[in-house]
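First, one chain by itself in C-alpha cells, the form predicted alone.
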Amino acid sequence: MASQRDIRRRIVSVQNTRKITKAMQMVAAARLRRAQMRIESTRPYALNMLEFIGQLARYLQVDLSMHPLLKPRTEINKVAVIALTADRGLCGAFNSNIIRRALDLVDSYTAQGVDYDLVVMGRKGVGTVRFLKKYRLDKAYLDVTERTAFLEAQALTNGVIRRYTADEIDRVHLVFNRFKSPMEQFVTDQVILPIQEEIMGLYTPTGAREHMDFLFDPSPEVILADLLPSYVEITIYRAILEGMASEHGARMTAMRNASEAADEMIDDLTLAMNRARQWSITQEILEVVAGADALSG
C-alpha cells in the first residue's frame, strides 16, 4: 500500500493538472464562440453564391463545357487530396480522424492506379504523414490562424485551379471536419473540382421561371467564369473556418472530459488516502495494545 505522503503528492499533482485542463477548456470555449460567429457569417454567402451560379448555369442555358472548372474528366489519372488538420493537439481524435480519411482516400486511388498529390494544412497532419514515410507530401501549410485563413485559402485555390485547368490533376478532394456543435464534428470528404454536380444539384431552385428577365453586362459566360474561382475560394475558406471551430469544440470537449476524469481520480486517491490513514491508526492501536499486554504479562 502506498504511503499517505505518496498519495498526497499524487492528489496535488492531479489537482494541478485539473487546473490546466479547466483553463484550456475555458480558452477553447471563448475561441469557439468567435469561430462560430465567423461560420454563421460565411455559410449564407457561400450557399447564396452557389444558388446564383446554379440559376445562371441552368436557366440561361450556359454551356457547361465552356469552362474547365465545370467539365468533369472522363478519365481520372491524378487527384489532389487536401487535408485540413490543426497545428496543436489535445483535441481528442480531431486530427487523427481527418488524416486517416485522407490517407484512406489516397490508398483507394493508388489501388486503382491513380496518382495523387497530397496537400496537408496543420502541423499534426504534416507530422503524421512525414512520420509514416509511406506517402508523398506535395505541399504543407503551417501556422494558419484565423487572420491568415483567407490568404491561405486564396493560395490553395490558385494552386488547384491552375493545375486543374492545365490538366495536371483531374479531381480535387477536400477533407475537413464539418462543425455541427461543440460535441459533434463530422469528417467530410468534399469534391470541390469539378463542381458541376453541386451547381446542377442541391441548390438549383425548383418552380422558377424558365428564363430569367435580366440583362447581363458582360455576358453570362464571362460572369460565370469570374464567379466559379470565387466559389472554390470561399468553399476552401469556409472549410478552414469549419475546421477551426471543430478544433476548438473538440478541444473543449476533450479538456472537459479530462477535468472530469481528474475529479474522479482525486476522489479515488482521497479514498485511498483515508484508508491508508485508517490502516495507520489501526496499526498504532494494535501496537499500543500489544505493548500493554506485554507489560501486564
Partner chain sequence: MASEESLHLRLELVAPAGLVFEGDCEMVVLPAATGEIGILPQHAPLVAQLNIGRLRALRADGEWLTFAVAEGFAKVQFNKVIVLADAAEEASQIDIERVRRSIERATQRLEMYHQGTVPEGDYVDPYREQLALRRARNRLKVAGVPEK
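C-alpha atoms forming the largest set that superposes within 1.5 Å between two forms make up the rigid core. As the structure is a computational prediction, the values presented were derived from the model and not from experiment. Positions refer to the first chain, counted from 1.
The protein also exists as the form predicted together with the partner chain; that form is not presented, and the subsequent description refers to it.
**Q** Looking at V191, L132, L90, L142, which has any heavy atom no more than 4.5 Å from the partner chain in the predicted complex?
**A** Of the candidates V191, L132, L90, L142, L142 is the one lying within 4.5 Å of the partner chain in the predicted complex.
**Q** Can you work out which of L103, V126, V187, I195 has a heavy atom no more than 4.5 Å from the partner chain in the predicted complex?
**A** The option sitting close enough to the partner is V126.
**Q** Where does the partner chain sit in the predicted complex: which of 24-32, 255-263, 268-276, 229-237, heavy atoms within 4.5 Å?
**A** Result of the contact check: 229-237.
**Q** Give a yes or no for I76: in the predicted complex, does one of its heavy atoms lie within 4.5 Å of a heavy atom belonging to the partner chain?
**A** It does not: once the partner chain is placed as it appears in the predicted complex, I76 has no heavy atom within 4.5 Å of it.
**Q** Does Q36 make contact with the partner chain in the predicted complex, using a 4.5 Å heavy atom cut-off?
**A** Because no heavy atom of Q36 falls inside 4.5 Å of the partner chain in the predicted complex, the answer is no.
**Q** With a cut-off of 4.5 Å between heavy atoms, is S108 one of the residues that contacts the partner chain in the predicted complex?
**A** Answer no; every heavy atom of S108 is more than 4.5 Å from the partner chain in the predicted complex.
**Q** Mark P218 yes when one of its heavy atoms lies within 4.5 Å of a heavy atom of the partner chain in the predicted complex, and no otherwise.
**A** The answer is yes: P218 has a heavy atom within 4.5 Å of the partner chain.
**Q** Are there residues in 16-40 with a heavy atom within 4.5 Å of the partner chain in the predicted complex, and which are they, in order?
**A** The stretch does not touch the partner at all.
**Q** For a quick test of reading the superposition: does R43 move by 2 Å or more at the CA between this form and the one not shown, rigid core aligned?
**A** For R43, whose C-alpha is compared between this form and the one not shown after core superposition, the shift is 2 Å or more.
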